[in-house]
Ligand SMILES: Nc1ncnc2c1ncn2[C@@H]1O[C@H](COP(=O)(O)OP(=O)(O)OP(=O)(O)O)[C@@H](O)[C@H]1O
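Here's a solo chain for you in structure tokens, the form predicted alone.
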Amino acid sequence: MQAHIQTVKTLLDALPYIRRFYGETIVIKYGGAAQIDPALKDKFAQDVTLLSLVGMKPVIVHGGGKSITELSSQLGIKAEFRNGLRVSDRDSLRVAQMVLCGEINTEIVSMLNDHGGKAIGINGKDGGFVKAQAIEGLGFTGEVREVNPDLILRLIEDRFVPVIAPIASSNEPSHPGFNINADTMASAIAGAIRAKKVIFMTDTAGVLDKEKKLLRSLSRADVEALKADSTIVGGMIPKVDSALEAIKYGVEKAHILDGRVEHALLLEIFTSQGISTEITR
């Protein structure tokens, strides 16, 4: 009996947050261990399905860099990176599109649908809803220049969970398109659809101070100061930059969340303290 009562208490504890975020759009950048470990993948699918069923509007933007590198190696295509971004020639772009759109996207959609969700897979070329331009020196790796939110908003209105592969189209006719960093894609889409939150799932606890303690809440000024004194370095820099971009676009909060924790999304959204670093206006 006590176990049942505790279950009810847990549900009641979540009720204020369900009420607060009912009807709100939450963009989730899905990557890292949560996208690779079978148990974490299953928990992620459960979390997203629950968010949808209680009236929230999740939108997934996924990465897939490790899988792209693995297939490229098998095909004899050398992976090259500059400043943390992949250099994409035509062959590399073809591999990226095969992996992101043909393999990972369909797997996530199937996973969500198997758990009772209503997911649909798209990429930025569909309806031309994400336009990009080349980043100098990176070939067909691009940066987002324009997001037309109509397609995603219609899918959300019909209660679909959009699952978006980070491939974008170009304004040039017959152009093969661009491979986009998933963090920046999530940030741009979150701003375009006026999302309440954007959550970046990572393989770290969040933003840590020099003593490796989690920093719970940061402003833009805090982030810039932490970058200046080399507290924020390496791979965390593009994540906080994407978070700051989302805030600039009008998103209320950006979260850098440890995707290695089971049910990390529910712990972050439905508990008072959460488990992430949040970056606010």
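All residue numbers are counted from 1 along the displayed sequence. Rigid core: the largest C-alpha set superposing within 1.5 Å between the two forms. Computed from a predicted model, the values in this text were never measured in an experiment.
Below, we turn to the form predicted in complex with the named molecule, even though it does not appear here.
Although the partner is absent here, Met236 sits close enough that one of its heavy atoms falls within 4.5 Å of the named molecule in the predicted complex. When contacts are judged by a 4.5 Å heavy atom cut-off, Leu208 counts as touching the named molecule in the predicted complex. Using a 4.5 Å cutoff between non-hydrogen atoms, Gln46 does not count as a contact of the named molecule in the predicted complex. Residue contact with the named molecule in the predicted complex: Ser170 places no heavy atom within 4.5 Å of it.
Thr202 is the sole member of Asn123, Thr184, Ser92, Thr202 with a non-hydrogen atom within 4.5 Å of the named molecule in the predicted complex. You can rule out all but one of 37 to 45, 24 to 32, 52 to 60, 245 to 253: in the predicted complex, only 24 to 32 has residues with a heavy atom within 4.5 Å of the named molecule. The Cα position of Asp222 differs by 2 Å or more between this form and the one not shown after fitting on the rigid core. Superposition on the rigid core between this form and the one not shown places the CA atom of Ile232 2 Å or more away from its counterpart.
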